[in-house]
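Just the one chain here, the form predicted on its own, laid out as structure tokens.
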Amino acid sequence: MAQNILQVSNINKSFGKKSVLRDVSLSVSQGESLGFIGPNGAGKTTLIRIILGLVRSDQGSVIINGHPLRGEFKKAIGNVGSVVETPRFYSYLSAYHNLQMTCNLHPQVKKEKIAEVLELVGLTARAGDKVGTYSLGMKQRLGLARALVSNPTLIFLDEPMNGMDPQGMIETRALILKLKERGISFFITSHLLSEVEQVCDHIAIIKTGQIITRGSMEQLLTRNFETVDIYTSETATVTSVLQNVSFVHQIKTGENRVTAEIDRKSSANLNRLLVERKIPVDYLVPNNTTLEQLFIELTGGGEDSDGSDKK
């Protein structure tokens, strides 16, 4: 079993009479990425600040790399990195010199580490260029390089794909997956749920200060049913035929399309039934449950409270 890099247990936090977090628990294992998502105002930012030691919880504990945050703060936080939205750099300096300034804050880090992390994030060829000439995707990769300088075992990413073009998203996604293979763990918050779905192994969804669901991506997105769109000019006939079929649970009719909710792994039976009844069908399109659909279903989307905690 993989070692837990982060263990958050029974965290409670109130500001005055306002309860912001209630009995929040989650964990991140070595080489795993956790997507931490929820509506605005749900308590995400407060929990992250507690984990990083910026805010003190009323109850509960945070353990990082086996060290309790309270009592062994330096050891707990020593191997944690972070990239918050668009990383800021000295635009008139090169990538190399920006990282050199970071290394000055970590005397134990050797200068050879700069070349190593630049190679890791694919910026060696542009190491001497001023950061002001970098694209947003390149700045994001440089932000990860800066986070990697101190040899972190856990990296917090806040909106890592924010404002990127498709190529930048692809590059950042590939880099996260590459670093996970090296055993680095990630704690990711983002409103781009399709990207979270592609890079995260586990998900925790928070609403009104409580974790309402958590588990592996596969577990949460696997349902007892599946949805299939049937494109046909004979919508009335298809609807009539499917109404009394045991593996069909719900039917919705649209223009030249019938959407059927059926038992898992029943799409072949559905196709066979339509062929046997000689119903003309243009094509069948299975619809897998997405993280976005699950999120809206569980939270309703939108603001969660008065917005005092923006994330």
Partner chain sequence: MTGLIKNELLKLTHNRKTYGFMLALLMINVIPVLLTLLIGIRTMDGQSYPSTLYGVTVSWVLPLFLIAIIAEMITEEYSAGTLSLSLVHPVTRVQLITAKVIALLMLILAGLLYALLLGYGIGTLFFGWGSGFFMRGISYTTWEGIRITLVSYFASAVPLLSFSLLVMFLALIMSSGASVVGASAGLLLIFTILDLLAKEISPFLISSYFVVTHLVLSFNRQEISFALAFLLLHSLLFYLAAIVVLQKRDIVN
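From a predicted model like this one, the values you see are computed outputs, not experimental measurements. Residue numbers count along the first chain shown, from 1. For the two forms, the rigid core is made up of the largest set of C-alpha atoms that agree within 1.5 Å on superposition.
As for the form predicted in complex with its partner chain, it is not shown, yet the points below apply to it.
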With a 4.5 Å heavy atom cut-off, would you call R146 a contact of its partner chain in the predicted bound form?
-> yes
So, in the predicted bound form, is G41 in contact with its partner chain at a 4.5 angstroms heavy atom limit?
-> no
Looking in the predicted bound form, any heavy atom of L105 within 4.5 Å of its partner chain?
-> yes
Can you check whether F187 is within 4.5 Å of its partner chain in the predicted bound form, heavy atom basis?
-> no
Just one of V275, V245, V285, L54 has a heavy atom within 4.5 angstroms of its partner chain in the predicted bound form, so which one?
-> L54
Given that its partner chain is left out here, which of K207, K139, H97, K180 has a heavy atom within 4.5 Å of it in the predicted bound form?
-> H97
Using a 4.5 Å heavy atom cut-off, indicate which stretch of 167-175, 235-243, 190-198, 73-81 touches its partner chain in the predicted bound form.
-> 73-81
Residues F15, R49 and R88 all lining its partner chain in the predicted bound form, heavy atom within 4.5 Å = yes
Hey, which residues along 237-269 are within 4.5 angstroms of its partner chain in the predicted bound form, non-hydrogen atoms only?
-> none
Superpose the two forms on their rigid core, then report whether the C-alpha of G132 is displaced by 2 angstroms or more between the shown form and the other one.
-> yes
Any CA movement of 2 Å or more for K178 between the shown form and the other one, core superposed?
-> no
Pairwise C-alpha change, T86 versus E171, in the predicted bound form against this form - closer or farther, 3 angstroms or more | farther
Cα distance between F73 and L105, which in the predicted bound form differs by 3 Å or more from this form, closer or farther | closer
